[in-house]
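Take a look at this single chain in structure tokens; it is the form predicted alone.
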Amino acid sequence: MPRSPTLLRLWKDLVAGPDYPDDFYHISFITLPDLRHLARTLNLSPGSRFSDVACGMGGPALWIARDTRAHLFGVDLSPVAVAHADKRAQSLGLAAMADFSPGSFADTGLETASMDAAMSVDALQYAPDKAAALREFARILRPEGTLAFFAFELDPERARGLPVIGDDPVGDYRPPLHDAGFDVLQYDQTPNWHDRLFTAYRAVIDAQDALRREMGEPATAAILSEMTLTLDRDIYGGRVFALARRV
């Protein structure tokens, strides 16, 4: 993504919105109002510790760290994403309040009860075992710690059998949240998510020639494959914001 001005422009115009700060760009569906709401609900203060699991290149979580002066512990499966996040934290002058490391939803590598809050943005639907992911969130959070996330709900029938996304399709995160030891405080559908997703994905597919020139064939092929499959199968049943407290 950092190598593609076309993808960055499309994502800002059609997904993030014109008011989203360029220094914290991302490839999720979070907007600046979403980001402000997420920061408020995490209830962080200077010196608090919070984790972003599946943090990618770190954009949204670094914005929250800067806004709240809390210390960020970002975790992502991709060492390339972790390296990008580290570099971004340094370029923004936030290296002293951000640590990034490789890890997964089921094994973050973080200490038990070490976090005051945890977040994830549009990634939980990819976890191969959602129950294990939520148990890991419960493990790293202190008692009464806060978990807040945006995630897509999957239509189990349409997603079944698909690679990665069809391994453990969850249509409602509230039951596994309860089972993992959380009280669900808020669970809301985000407005206009379906139109935004379809409009953005179609625009990216239409721009594939420019993407190939800017990003290369392997990265472009990966993006096009996921987006085409998502449009063809219409695999998502909703996009939710969830807020929960560890019991």
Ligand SMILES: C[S@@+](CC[C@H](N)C(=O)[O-])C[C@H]1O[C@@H](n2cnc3c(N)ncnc32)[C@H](O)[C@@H]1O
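For clarity, every value in this text was computed on a predicted model and none was experimentally measured. Start at 1 with the first residue shown and count on from there.
There is another form of this protein, the form predicted in complex with this ligand, and it is not shown here; the text below is about that form.
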Pro169: touches this ligand in the predicted complex, heavy atom cutoff 4.5 angstroms: no
Touches this ligand in the predicted complex: Ile27 (any heavy atom, 4.5 Å): yes
Non-hydrogen atom contact Ser114 with this ligand in the predicted complex at 4.5 angstroms: no
Residue contact check: Ala131 to this ligand in the predicted complex, 4.5 Å heavy atom: no
The unique member of Leu42, Ala54, Ala70, Ala180 whose heavy atoms fall within 4.5 Å of this ligand in the predicted complex: Ala54
Proximity to this ligand in the predicted complex (heavy atom, within 4.5 Å), stretch among 100-108, 169-177, 134-142, 154-162: 100-108
In the predicted complex, residues of 60-94 near this ligand [heavy atom within 4.5 Å]: Pro60, Asp76, Leu77, Ser78
